[in-house]
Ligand SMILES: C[S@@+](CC[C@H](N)C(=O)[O-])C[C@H]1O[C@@H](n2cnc3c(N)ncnc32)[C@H](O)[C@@H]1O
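Here we start with a single chain on its own, the form predicted on its own, put down as structure tokens.
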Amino acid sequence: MINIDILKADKNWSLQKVKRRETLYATHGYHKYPAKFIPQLVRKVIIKYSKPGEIVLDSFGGCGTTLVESKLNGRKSIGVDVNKVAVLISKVKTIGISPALLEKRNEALFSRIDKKTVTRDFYHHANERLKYWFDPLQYNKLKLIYDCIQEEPNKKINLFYKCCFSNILKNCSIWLAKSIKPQRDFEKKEEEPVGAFKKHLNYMSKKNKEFVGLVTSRKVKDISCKMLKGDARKVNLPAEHVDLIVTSPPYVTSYEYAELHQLSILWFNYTDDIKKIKTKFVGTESKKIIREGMESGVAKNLVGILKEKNKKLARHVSNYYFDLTKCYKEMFRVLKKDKHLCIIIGDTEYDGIKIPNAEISVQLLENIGFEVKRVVKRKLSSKIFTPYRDKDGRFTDSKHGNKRKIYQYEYLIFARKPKGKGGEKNAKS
């Protein structure tokens, strides 16, 4: 097995010269999303390991970066994510709307919003969790905007508006600014909802025009691009269906994504119980047992150490790797023979103990039947990616008092599904 500990950062893959504004071209800046791919990185993998017309899969689709880059580079794509907010964002980022039609519909929407005033107390009937995050005036203004959005009959444009609405919610709430961890700031000066919505909608409309222009000039308008609500542990695709997999698995506390997107989840009435959504995520904390039958010796040793120090964390970690193994087996099943997979993952640390995600992933992939061909270590830019965790290992920001800089590097694991039948029995178990 490749010795990850001795790897040096590869400057060719670190992309240190890529500026933040360059990562937001076309539709990539529609919506804030934690730990999202750098488009230039995904593009490099797609071009190197696939051909135009082939199918690229992202089993943890997130905000759709892989799908956008696949389409712009002439590859068909499929994204899967358990998070409905991620599915919404990804669909909007890949559809492309006629700029002329969008401009006309925007004018109509702004007109509806401007003609209405807050005359009803919607806040009184609001979900209690939304009341936790919004003061009455802010909530009532947002409800006015949302009701106007709901009057848009064009389904694609309606989704476009909802994506815009979702993106402004945190700034219009008392969610602590620049923190992805859910905490309230009662001193925060929230953005005025109507102004924030109009500003971001104008930005998205400009970027939509850029995207449509690229799609048209590259003649990739008809390239298939699908984003599905689903589970990476059991993807609804035939065996040996895709030509390349490019994905980044969630980290041990993957259920955080339900917390991070709770404002949109609640506004769109996806559920009124965030805890219930958490149970759907890989490695969810809802499983109360420590898994003993993991298919990685490194993972087994790690859980053994954690059991002596922190049983709750041992449970989280064991369930995470148990579920991740299922995901990797499913990737093996749907990938064509002699085709490649690229896993992008970083190591982390919890309770003072290193969690070697990359090393464990390599071991799991090889045990399943993949041939790991190469592992690349790349240095992260903190301007693009949030590398900080708090004392409990959760995402935080640079201003957090108990912060530690965990994510300084990440790894690209390149693996190939062999031509023969090796590993298939294991992958189905």
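Just count from 1 along the sequence shown to find any residue number. It should be emphasised that the depicted structure is a prediction, and the values quoted were computed from it without experimental measurement.
What follows is about the form predicted in complex with the named molecule, which we do not show.
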Counting heavy atoms only and using a 4.5 Å cut-off, do F60, T65 and D231 all touch the named molecule in the predicted bound form?
yes
Can you pick the one in I55, A35, V376, L364 that has a heavy atom within 4.5 Å of the named molecule in the predicted bound form?
A35
Tell me, which of T325, N208, S173, S248 has a heavy atom within 4.5 angstroms of the named molecule in the predicted bound form?
S248
Segment that reaches the named molecule in the predicted bound form - one of 73-81, 146-154, 328-336, 237-245, heavy atoms within 4.5 Å:
73-81
Evaluate K280 for contact with the named molecule in the predicted bound form, applying a 4.5 angstroms cut-off between non-hydrogen atoms, and reply yes or no.
yes
